[in-house]
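Single chain ahead, by itself, as structure tokens, in the form predicted alone.
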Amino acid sequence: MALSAATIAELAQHLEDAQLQVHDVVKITDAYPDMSWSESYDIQDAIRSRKEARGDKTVGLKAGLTSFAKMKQMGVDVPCFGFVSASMARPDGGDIRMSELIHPKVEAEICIVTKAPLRGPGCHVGAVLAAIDYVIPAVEIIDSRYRDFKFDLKSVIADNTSAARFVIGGRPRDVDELDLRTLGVVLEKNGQIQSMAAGAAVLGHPAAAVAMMANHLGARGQEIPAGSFIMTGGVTEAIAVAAGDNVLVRFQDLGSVSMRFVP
């Protein structure tokens, strides 16, 4: 049975309250096992509307589940998508407060800013590359609201793909100066290398995630506007962090991004 508008609004409040009040919940498909993919995005959209109504501006879009191996494991053939809000941004080299999060993890992201709109269906890597204004590195701090990070894909989509915090650093570069597929990334925690990867870890090419995002939004009657900041998905695996940890991520040709985790 389809979820009513009232139920979608209630679930959006339930999940956003878990984020804002810093407490975990069980995955929502336990109570709504027949929830559709479209309804999971409807719940996410309702969370976005709640934030924007309070003046928390949406400042970017994000792709998740961008590893082919992970998609196969989850039984899907496209990534999932979400958004980031102004309240999630933290400065490069700044503090991330553990008291505001449940069980955070960090992952390195190659990000783009668009100079032209992108809309599906039929969006492809070439169209994305032509629409890129510049490339910039970031670290996303994900923090699922689900207990013990246990969820299914519909539940995590509804929970805005675990979005929590993000840090932009480094320096912007023209996409023509880079090979996003071979661009190397090294993630360090407390001076020790935790993960190394290249841009190809994201669907073979980070722009492929953006093309899939444009096609997904097109099916929902939406587009990626010009001037959009887009996090293309984790290049590295997600690494758990705790108070006292210092994280530094080095991006080939793009500089570095750092942060420290405090109580």
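All residue numbers are counted from 1 along the displayed sequence. Here the structure is a predicted model, which means the values were calculated and not measured.
Same protein, other form: the form predicted in complex with 2-oxoadipic acid (OOG), not shown, and the subject of what follows.
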Practice problem: Give a yes/no on whether residue 156 approaches 2-oxoadipic acid (OOG) to within 4.5 Å in the model of the complex, heavy atoms considered. | Solution: yes
Quiz item: Would residue 123 count as a contact of 2-oxoadipic acid (OOG) in the model of the complex, using a 4.5 angstroms cut-off between non-hydrogen atoms?
Solution: no
Quiz item: For residue 220, is any heavy atom within 4.5 Å of 2-oxoadipic acid (OOG) in the model of the complex, or not?
Solution: no
Exercise. Would you please decide whether residue 142 lies within 4.5 angstroms of 2-oxoadipic acid (OOG) in the model of the complex, comparing each non-hydrogen atom pair?
Key: yes
Practice problem: Look at the stretches 58-66, 27-35, 190-198, 41-49 and give the one with heavy atoms within 4.5 Å of 2-oxoadipic acid (OOG) in the model of the complex. | Solution: 58-66
Quiz item: Counting only heavy atoms, which residues in 91-117 are within 4.5 Å of 2-oxoadipic acid (OOG) in the model of the complex?
Solution: 107, 109
